[in-house]
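In structure tokens, one chain follows: the form predicted on its own.
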Amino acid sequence: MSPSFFHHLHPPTIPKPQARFSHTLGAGGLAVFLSLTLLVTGALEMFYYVPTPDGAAESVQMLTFLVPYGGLVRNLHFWAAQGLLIVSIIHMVRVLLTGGYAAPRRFNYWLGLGLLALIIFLDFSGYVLRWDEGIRWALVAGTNLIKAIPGIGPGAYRILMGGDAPGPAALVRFYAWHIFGLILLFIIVGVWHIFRVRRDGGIAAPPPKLRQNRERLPRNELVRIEVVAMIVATAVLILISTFFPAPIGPAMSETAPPTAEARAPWFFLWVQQLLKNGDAFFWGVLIPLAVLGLLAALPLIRPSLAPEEIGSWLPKSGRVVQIATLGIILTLLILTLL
């Protein structure tokens, strides 16, 4: 059988040891699958969503409870978004713990880090589009962090929100950023990221002369494994979406007081915990930017690895990067749990 277009997206062969699930964790392929799921379900949601303060929450409720299979589509979109963020973090950690960030893949690591940031902003903007009482903290406290930036903060806030307070202009701008700006950037950087994987020689592996196992996996077998993985992922996603509905609440009211239980979406809970320490600019802006900067700087700490250790878990020549990675992840996890 002649290779299809989908087959030609893959290299003819890849090193078999580095193609195992125990090495890749399937995170890269799952990220692509979940991204496609989000594009399809998001396009379907656009037929019913009304981006106005008076109509947003009601349109979400109508889609969920009145449109045939609308609740399932919305749940699939919600859980695919959460899953995409989780597998993207797993993918980044896997790259850092296996030395996949070293030259010539350093630039592609930075592209992947940019994709992770875009996914977080997409999740946040999609979260706000519900425009119900459940998103009040994210909208008010989250966007107020921009105001805390010295000098440019108030002006940047007005550009983002369309005024001095959340209102119709804010919802329309979040909708425009979510549907057009962020998704367009995500597609461009995502395609560039996938292209660079091929350009940089595929999955990280030792030079051929230093490989103990020289077996290679043909692309037909790789595609078969990916198809099986997508079928399993689809079944799991449908199962979760069936029994665990996406959050939904009453429409946001200007007169309703914020509740003591108001909190950020799970991926920003660590920022909410930091904000309890005091100054919003330092704890809510500078510290998160420092975390992002440290993640970006990790490939510069150890720019190259011993050739024979490339593509293996926890290479000895990358200990500093591994310790820093685990330290960052553990700190963010503890703050989130708190």
Partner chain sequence: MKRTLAALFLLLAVLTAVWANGRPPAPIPLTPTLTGETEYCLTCHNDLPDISAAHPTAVFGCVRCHGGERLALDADLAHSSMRGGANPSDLAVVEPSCGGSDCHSGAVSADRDHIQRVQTSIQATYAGAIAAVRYAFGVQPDPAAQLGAFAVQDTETNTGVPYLDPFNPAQETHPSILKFSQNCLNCHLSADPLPGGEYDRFTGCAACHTPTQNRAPDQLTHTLTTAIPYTQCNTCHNRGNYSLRDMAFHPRTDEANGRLQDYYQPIGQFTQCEWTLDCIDCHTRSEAMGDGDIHSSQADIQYVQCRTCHGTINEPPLTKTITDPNDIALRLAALNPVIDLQVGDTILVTEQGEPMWNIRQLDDGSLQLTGKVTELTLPFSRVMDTACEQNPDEQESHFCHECHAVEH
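Since the model is a prediction, treat every value here as computed from it, not as a measurement. Positions refer to the first chain, counted from 1.
If you look for the form predicted together with the partner chain, you will not find it shown, but the lines that follow are about it.
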Each of 137, 140 and 296 having a non-hydrogen atom within 4.5 Å of the partner chain in the predicted complex: is that the case here? no
Considering 113, 248, 169, 194, which brings a non-hydrogen atom within 4.5 Å of the partner chain in the predicted complex? 248
Heavy atom within 4.5 Å of the partner chain in the predicted complex - residue from 236, 152, 184, 103: 236
Even though the partner isn't displayed, in the predicted complex is residue 62 close enough to the partner chain, meaning a heavy atom within 4.5 Å? yes
Report yes if any heavy atom of residue 228 sits within 4.5 Å of a heavy atom of the partner chain in the predicted complex; otherwise report no. yes
Does the 4.5 Å heavy atom contact test between residue 232 and the partner chain in the predicted complex come out positive? yes
Would you classify residue 243 as touching the partner chain in the predicted complex, given a 4.5 Å non-hydrogen atom cut-off? yes
Given a 4.5 Å cut-off on heavy atoms, tell me which of 121-129, 196-204, 176-184, 67-75 is the interface stretch with the partner chain in the predicted complex. 67-75
